[in-house]
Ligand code: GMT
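Take a look at this single chain, the form predicted on its own, given in structure tokens.
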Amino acid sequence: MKIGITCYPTYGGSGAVATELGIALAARGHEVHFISYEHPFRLPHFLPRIHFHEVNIGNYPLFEYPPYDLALAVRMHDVVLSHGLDLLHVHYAIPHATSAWIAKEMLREQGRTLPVVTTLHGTDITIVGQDHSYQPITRFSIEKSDRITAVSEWLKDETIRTFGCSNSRVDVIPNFVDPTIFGRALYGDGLRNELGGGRPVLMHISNFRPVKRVCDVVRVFAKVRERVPCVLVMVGDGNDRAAAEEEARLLGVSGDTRFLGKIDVVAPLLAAADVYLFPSESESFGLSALEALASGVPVVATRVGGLSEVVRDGVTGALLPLGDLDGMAEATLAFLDPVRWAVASSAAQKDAHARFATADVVAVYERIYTEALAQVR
């Protein structure tokens, strides 16, 4: 198949999943065309059967805010025609599914059918889509997609509750990890020793948006460090980084906190961690939590959204109420016990590899593509 993929190219779970999906599809013999305004952050600059098409947004004086959604629709239309794409797979309803529908209608006028598969990741439903000014177009874009997928049962239920969409089939296809990349034994202890100097390593990876509650990460770490010498490694960047750095300074833990910024290849870092902290306010799935589990790292997180479908409470990690920092600190301390950690680490890696392996999940997407193609013919 020739597949067009559109996603947000910036640091975050949805872009990572879309990119890894494209890479996996190309490895299975498909031709993949990424269409976006920027090169996706996890996409190497050259791989066989993978192409990137940049969306150029003109600076027409009439537009105070250039219409990216229209420019994207035109680029989709052009790439479909010039490269003979079989379908478009868009990640996020707004604006990507909307742009895909416009491209589809343009192609229909030219006698060309094009199935559109839309994957919902969370923010497009829980924040953007619930804004009153965007709700009608979000629902329209979802319902006009030929196939709809959501990354968790929770997100599927939230989509139906928020938008109705009772006549639309929503398939749950979870995010995934590659067991050949994420695994405890794949990387030595050198990085762990470098980061922790023999002390336990707590870790957090995100885009540092307010919903990630990165200051809570620092606060939990401070509580744990009062009782056990350890270090905190913060990977990523965003609006709340400065606040987290200031919180570390105020709590007197800045000397044992490492802010590494954005790092595209996180598997070696996760393999060097002992506990993963994830106190998010909302998560439709939690890709970084899954990647931590696949690396044999117990996850201490909030019991929100789809995280309970990823983390097995008391087995591969711990789920606490939102804002329960004392509970998160106690759970972290429990996992730092060597015997408890060894059991949880082994269970985490085995469970993640068994339930969320790339090959198994990508095969489900291939089936969805085949069904979508049959649906429009």
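Start at 1 and count along the sequence shown; that's the residue number. Source: prediction; values computed, not measured.
Below, we turn to the form predicted in complex with this ligand, even though it does not appear here.
With the partner left out here, this ligand still marks one of 177-185, 249-257, 77-85, 276-284 in the predicted bound form; by a 4.5 Å heavy atom cut-off that stretch is 276-284. Exactly one listed residue, out of V224, V214, V201, V151, brings a non-hydrogen atom to within 4.5 Å of this ligand in the predicted bound form: V151. Residue-level contacts in the predicted bound form: of P95, G122, P298, G236, one residue has a heavy atom within 4.5 Å of this ligand, and it is G122. Residue contact check for L21: none of its heavy atoms lie within 4.5 Å of this ligand in the predicted bound form. Although the partner is absent here, R209 is a contact residue: one of its heavy atoms lies within 4.5 angstroms of this ligand in the predicted bound form. Proximity of G12 to this ligand in the predicted bound form falls within the 4.5 Å heavy atom cutoff.
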